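Take a look at this single chain, the form predicted on its own, given in structure tokens.
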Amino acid sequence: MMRGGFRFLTAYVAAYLLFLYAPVLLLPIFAFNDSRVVAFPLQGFTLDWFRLLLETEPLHAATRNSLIVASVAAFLSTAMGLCAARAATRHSFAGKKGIMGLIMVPLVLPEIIVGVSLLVVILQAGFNLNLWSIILGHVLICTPFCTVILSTAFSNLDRNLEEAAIDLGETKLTTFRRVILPLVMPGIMASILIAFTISLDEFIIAFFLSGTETTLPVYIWSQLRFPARLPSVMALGTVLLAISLILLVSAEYLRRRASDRSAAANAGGNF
């Protein structure tokens, strides 16, 4: 009975993963296909669609915009997440659970609701839609992720390390800068990479708040109206997929490194 249940679970997981990732696997297949028609059978191998990406100036402008937005949003989100995580793991204050809950609300809100709400607020305040409006929206949705990652990094630290540094004459600020910050640095880097990846791939909020300065996902959406350009979109999707995988794997490596470093520091402190 148990063996039959295990086989069913294995088959279910395999079917689920196939359903989830099969469309993604089609991206590189058609990106190298020598045909403007995205359909089987394949016509041959070509790199022309990737060369076309190098010759498309609107794509370059959208890429620059996305890199600017993702970089600024990643650093701002990580800075805000750092403050929130430090406060949540080291201090007790009135309304702590409620405040942390409000920070996490963007995780459960539909992005279309967030995008429309920000659009209304920005326009009613008299501001123009530009890259900064997109950054504002991306910081809002990335900060909860950064807070969760950094809360884990801070929670794994032993408070005795801080107390020992203060007993040796360090101030709270220098203790944070010279002791705590180096220990959680892998977690900070993981937070930056995760926020960068989320911002780079985010479409809905960027669609509502971009104005005339489009980001890469918005540019890709605009190209889907032209069937002849679909192969180049597939090539671009393949590049973005590779970049996202590299960033996510790097973020996971840094997160685990932060946990291992914190555990080693705690073991040394306890010893």
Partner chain sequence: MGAAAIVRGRWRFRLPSGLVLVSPPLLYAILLLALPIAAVVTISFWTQNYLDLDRTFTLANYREAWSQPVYRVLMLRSLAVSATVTLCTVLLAFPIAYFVSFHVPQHRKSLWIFLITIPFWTSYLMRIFLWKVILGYNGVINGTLIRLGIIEEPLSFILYNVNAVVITLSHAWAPFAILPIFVALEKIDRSLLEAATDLGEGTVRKFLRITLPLALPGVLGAAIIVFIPTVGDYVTPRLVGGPNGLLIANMIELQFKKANNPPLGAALAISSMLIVAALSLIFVRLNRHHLRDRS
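What we label the rigid core is the largest C-alpha set whose atoms superpose within 1.5 Å from one form to the other. Keep in mind that this is a model prediction, so the values were computed, not measured. Numbering follows the first chain given and starts at 1.
What comes next is about the form predicted in complex with the partner chain, which is not displayed.
Peer 1: When you measure heavy atoms, are 116, 203 and 237 every one within 4.5 angstroms of the partner chain in the predicted complex?
Peer 2: Yes, each of 116, 203 and 237 comes within 4.5 Å of the partner chain in the predicted complex.
Peer 1: Is residue 45 close enough to the partner chain in the predicted complex to count, meaning some heavy atom within 4.5 Å?
Peer 2: Residue 45 lies outside the contact set for the partner chain.
Peer 1: I'd like to check something about residue 256: if you look in the predicted complex, is any of its heavy atoms closer than or equal to 4.5 Å to a heavy atom of the partner chain?
Peer 2: Residue-level check for residue 256: yes, a contact with the partner chain.
Peer 1: Quick one: does residue 244 come within 4.5 Å of the partner chain in the predicted complex, counting heavy atoms only?
Peer 2: Taking the distances in the predicted complex, the answer for residue 244 is yes, it comes within 4.5 Å of the partner chain.
Peer 1: Please check if residue 32 has a heavy atom lying within 4.5 Å of any heavy atom of the partner chain in the predicted complex.
Peer 2: No - in the predicted complex, heavy atoms of residue 32 and the partner chain never come within 4.5 Å of each other.
Peer 1: Which residues, if any, of 87-101 lie within 4.5 Å of the partner chain in the predicted complex when only heavy atoms count?
Peer 2: Read in sequence order, the residues that approach the partner chain (within 4.5 Å, in the predicted complex) are 87, 90, 91, 92, 93, 94, 99, 100.
Peer 1: Answer yes if the Cα of residue 22 shifts by 2 angstroms or more between the shown form and the other one on a rigid-core superposition, and no otherwise.
Peer 2: No.
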